[in-house]
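Shown next as structure tokens: one chain only, the form predicted alone.
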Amino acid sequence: MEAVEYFEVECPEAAGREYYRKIADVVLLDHNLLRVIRKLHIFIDPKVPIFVATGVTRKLPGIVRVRDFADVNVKDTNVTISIGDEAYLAPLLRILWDKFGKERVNQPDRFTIVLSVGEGEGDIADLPVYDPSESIYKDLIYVLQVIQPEGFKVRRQYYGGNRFYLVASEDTLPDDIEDLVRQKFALMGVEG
């Protein structure tokens, strides 16, 4: 497992800094997210009160397309999809049902789908089925909510590209919160 390039917990109280560093270490390890995080900066100031976690992910896996887990054979108005990895079968069926209707999707066995298509509808191989980055970012935000102090219910969060952040407080968030987030990204050497 690759180590996180940058991991810092910033807190005006030394005991709080060490406490939250341990919490973050354990929670990230328990949720197996250290492999996807490249940089993480956590700032906590209990006097304000404010919690800011900013981070950058490593390169995440790409979108899984039909061609990545199945063979697609087109013959006239029928497309036969031979499934090689069942992990994506359920989402593929939902996508095909939504796109073509259940009456045009036939599954004679566990590893085969036969699809009745019209002209120009046979290009199924490049159809996106699953985007792993969506669940990874949701997991990251969930983990940051676990790490944040108890009672910090006012939140703002963002994930996209290779960045994510979570800001939380007991009270309303300060007006300059975007500036604070940019400052924490800057400490990691990331422009924001």
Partner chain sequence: MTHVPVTYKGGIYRHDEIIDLIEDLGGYIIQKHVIAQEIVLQALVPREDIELIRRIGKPLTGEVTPSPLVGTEIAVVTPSLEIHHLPHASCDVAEYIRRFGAKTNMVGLARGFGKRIAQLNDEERDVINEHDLAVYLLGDFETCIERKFPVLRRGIDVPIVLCGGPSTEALRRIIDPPVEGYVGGIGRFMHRTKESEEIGKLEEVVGEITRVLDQRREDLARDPLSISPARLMDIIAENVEEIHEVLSPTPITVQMQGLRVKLPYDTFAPVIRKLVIDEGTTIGDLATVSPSRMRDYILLRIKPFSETNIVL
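Residue numbers count along the first chain shown, from 1. Remember, it's a predicted structure, so these values are computed and weren't measured experimentally.
As for the form predicted in complex with its partner chain, it is not shown, yet the points below apply to it.
Site test, Gly16, Val27 and Lys47 vs its partner chain in the model of the complex, non-hydrogen atom cutoff 4.5 Å: All three within 4.5 Å in the model of the complex.
Among the candidates Val129, Ile136, Ile37, Ile147, the residue which, in the model of the complex, approaches its partner chain to within 4.5 Å (heavy atoms): Exactly one listed residue reaches within 4.5 Å, namely Ile147.
The single option of Arg67, Arg58, Lys153, Arg156 touching its partner chain in the model of the complex, heavy atom within 4.5 Å: The residue in contact is Lys153.
In the model of the complex, Ile23 touching its partner chain (heavy atom, 4.5 Å): Although its partner chain is absent here, Ile23 would touch it in the model of the complex, with heavy atoms inside 4.5 Å.
Any non-hydrogen atom of Cys11 within 4.5 angstroms of its partner chain in the model of the complex: Answer yes; at least one heavy atom of Cys11 falls within 4.5 Å of its partner chain in the model of the complex.
4.5 angstroms heavy atom contact with its partner chain in the model of the complex for Glu178: The answer is no: Glu178 has no heavy atom within 4.5 Å of its partner chain.
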